[in-house]
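What follows are structure tokens for two forms of the same protein chain, given separately as structure 1 and structure 2.
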Structure 1
């Protein structure tokens, strides 16, 4: 693996985290987004990450400042990818959006550039031909709060070159991740194959008014010893991200997923409640109820 320049396409919650973690580990990083507003929001997210790394990882101010200086920001895709050894795509979880992105990317990226999708539910083979380089394309999926939940799931498809697969595994380790190789395509990889059914079950319990979200979270925490309940996880991941996932499933004919997507949109997204980042989702931030010392007993 001889990667030096990494491009991250998408400066949302997870894209910003991937960019900063990669820069923090010494790589040069280019961040691309479709407009200046997206870039400005991404810069603010990364500035907040500097403070978080100082708090959670005890990083020095000098270390996080050096990491930030390794990052450049672009609204022109051709400029953002000009030196890229690896491009990590973190655009919205919608087939049409990703297909359009790869079609444009294939026309401007250097021949050397490896493409990796961070898609949490869509299979890389769905986009492999649109990339124009199926042998240099695979999936690289990160968990949210990348500096803490430091896993990277690397999934190949039938045309992925084995050397590329091994190089991306090495890259994931180089940026501090526990690299999890996946040898066959599986929608949801490992993590989301386990997590999404939990979140769907929790949402169904709430929609049916079986219990409120705090009670459901308490049940999961007490019953399993987990640090967070499903609704706290939904807020941390971002309700819009989960909405895009269930909407994609709904659009394939899954009526239950479509109902969940519509409910999330009406009850939360349309009201500006997107989770932790916007200050409110199922809980209110910066001091959510599940952080209270008596959350499990009151």
Structure 2
């Protein structure tokens, strides 16, 4: 892998994190967003990340300033991608938006540029033709708070070239990620393929009043040695995010999901209980009951 110039398209929540982490590890980064307002917001987010890296990673001011200087900002796509060895697409999770983006990108990107999508739920094969270079296209999926939750899922689609796959794996390691190769397309990658059924099962036990959420969490923690139970995880993910996912499943005709969505809305969202971020979800924060020393025994 001899990538030097990386373009990050979309400077929202995840794009700003990917851009800063990549620059922090020494790469030259071009950030592209759809208009000046998008760029201004992205720049602000990246400035905040400088402080967060100093706090969480004990980075020095010189290090974060140097990283910031490696980043340039563009509203013109052809300029942003001119030198790119790799472009990481981090635009909104909407098929039409991504399709339009890849169609435009394919017309202006140099032939050498590899494209990677950070999409959480859309499979790369959906866009591979629009990229005009299916063999140089794959998924590179990061987690929120990339500097702490440093996993990168690298996923092929059926036409991805093996060498490109290996190069992107090497790149992910070079920017400090734990690189997780995925050989075939899988909705939800690895983590959500495991996590979503667990969270669903936990919610089903609670909604059927089989056990309360503390007991379900205790059972999971003691039985598997995990640090958190499913309801603590739901609070971290955020109940609104969970509600949106369950609701969209319900809207496809799944009655159980529709019932669960309504329940999450009336019991939690309508009462301002959205999880850790709002101070209350299944547990109360900043000192949730699962941190109590006697949580497991009482």
Ligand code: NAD
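Residue numbers count along the first chain shown, from 1. Remember, predicted model here, so these are calculated numbers, not experimental data. Take the two forms, find the largest set of C-alpha atoms that superpose within 1.5 Å, and that set is the rigid core.
Engineer: I want to make sure I have the labels right. Is the form predicted together with ligand NAD structure 1, or is it structure 2?
Structural biologist: Structure 2 is the one predicted together with ligand NAD.
Engineer: Can you tell me which of 101, 157, 190, 129 is located at the hinge, considering how the rigid parts move between the two structures?
Structural biologist: Selected hinge residue: 190.
Engineer: When the larger rigid part is held fixed by a C-alpha fit, how many degrees does the smaller part turn between the two structures?
Structural biologist: Interdomain rotation between the two structures, rounded to whole degrees: 26 degrees.
Engineer: On a rigid core superposition, how far has the CA of residue 195 moved between the two structures, in Å, if you could check?
Structural biologist: Spelling it out: core superposed, C-alpha of residue 195 shifted, distance 3.9 Å.
Engineer: If you line up the core, how far does the Cα of residue 278 move between the two structures, in Å?
Structural biologist: After core superposition, the C-alpha of residue 278 moves 11.4 Å between the two structures.
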